[in-house]
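Form predicted on its own, single chain, as structure tokens, below.
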Amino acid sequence: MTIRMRLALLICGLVAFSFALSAAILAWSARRASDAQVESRLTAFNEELAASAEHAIAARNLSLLAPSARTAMMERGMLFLSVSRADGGTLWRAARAGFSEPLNEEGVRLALAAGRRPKSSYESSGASAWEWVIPLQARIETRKGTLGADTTGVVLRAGYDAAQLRREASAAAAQAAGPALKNLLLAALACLALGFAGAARLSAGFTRTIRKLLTGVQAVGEGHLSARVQTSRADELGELSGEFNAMSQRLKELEHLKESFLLTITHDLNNPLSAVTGYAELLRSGTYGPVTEKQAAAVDRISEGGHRLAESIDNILDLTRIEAGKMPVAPQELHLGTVVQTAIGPLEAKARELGVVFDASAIPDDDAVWADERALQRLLSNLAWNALRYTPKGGRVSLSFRRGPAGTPGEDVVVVEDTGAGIPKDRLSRIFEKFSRIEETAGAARLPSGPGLGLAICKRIAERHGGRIWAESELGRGSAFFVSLPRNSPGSSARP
């Protein structure tokens, strides 16, 4: 998911949440207002019923309440209406068919004692009821046996269907809040549209700067340390761009410092090393007089060590140039047999000395590959020398060639196999790393080891050609190294 989309979703999510919260508050407020309105209407209606009840009591005809009760049951959801004495006795009652209310002695007592109008809720006869108990001003005469007459307070009890009243309140709330909710929805849609537009505009600037940073990172990764990110932003992305430019500058300075150091150190090493190998050759040739057999052997070791040291220095320089992108690779059509003989020719004398056979008979004389001649020679020489180091006396190092391995007809593959010590399978993924060493086979090496850069150089040369290199091996059963080279036409451009 892109940054633009994330910002848009975040802004729209916040807008939607705010409007959803506003709608919920509006609906809750409308419901509260509707509930209060319903209760206010019932209170006013109960006052009218109380006045009618007092009039009926004064007229000594409580049946006058019947018309009002019937109308309320049909239009206002009334469950029952009754006139009761303080002792709970019912003087008159009208109720919806099948409904029976409890006595509610506590409500009657509170209404008469404190003049309050208590409201209570309860379930009865399968219905949920809201009941009001209203004290009346009238009093009813009662008789106490033969002792005379007395009067008692009277209350009016009115019960309503709570479920019906809730439905009416909900409908009223929906009707009251409907236009406001509609306007709120329209405003929400407008704000969402503005949010998307704002997020798109805001993220467009972010995306442009991030793409510039990505391009700069890719350029630095490819070795172009002069890459810079141009931006006029004054926010965190601007600071990040500035830090990237400063990093690129420091990397360029370090690269110059490294190159200068390597040139200096190799010059300082090569000059005395050339003198050592040169004087060793003069001693071996007898220029300074005859040498004994032991002295000649010692001189040979000095010369060989000098050549190996010179090769290690060349490996370091070549790897540095390759990684810095300063070793040009110019592919051309080459006869593979000629390249192989040039690469392994200098090693054949050492192979005979170690009792190892070099076999390149499987390399066809007339087959051509598309590669840089010097680079391919260096790659094959490194692979052959590495095989020679770990192959025991009587062993064999073989070179072969095939086209289109494993269903990839667009590749030519050169294979270098040996019958040496082999490589543990779990270490195969690391052998092409710089300075890599295989401890399990260190004791099997028959020649001095270098800094561990030969296979790393092979990998980078193969990749510079657009190819690849891999190995198949098993400890104690030899190794096979495969180098694939893409087929190209003579019109293909050379890699820098």
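The numbering used is simple: start at 1 and walk along the sequence shown. Because the structure is predicted, anything quoted here is derived from the model rather than measured.
Another form exists, predicted in complex with a small molecule; not displayed. Remarks below refer to it.
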Review point. Quick one: is residue 431 in contact with the small molecule in the model of the complex, heavy atoms, 4.5 Å cut-off?
Key: yes
Check your understanding: Looking at the partner-bound form in the model of the complex, is residue 241 within 4.5 Å of the small molecule by any heavy atom?
Key -> no
Practice item. Verify the contact flag for residue 467: yes if a non-hydrogen atom of it lies within 4.5 Å of a non-hydrogen atom of the small molecule in the model of the complex, no if not. Key: no
Check your understanding: Wondering, does residue 69 line up within 4.5 Å of the small molecule in the model of the complex on heavy atoms?
Key -> no
Exercise for review: Please name which of the stretches 213 to 221, 369 to 377, 295 to 303, 419 to 427 has residues with heavy atoms lying within 4.5 Å of the small molecule in the model of the complex.
Suggested key: 419 to 427
**Study point:** 462, 56, 50, 455 - the one with a heavy atom within 4.5 Å of the small molecule in the model of the complex
**Key:** 455
Check your understanding: Considering 84, 315, 209, 104, which brings a non-hydrogen atom within 4.5 Å of the small molecule in the model of the complex?
Key -> 315
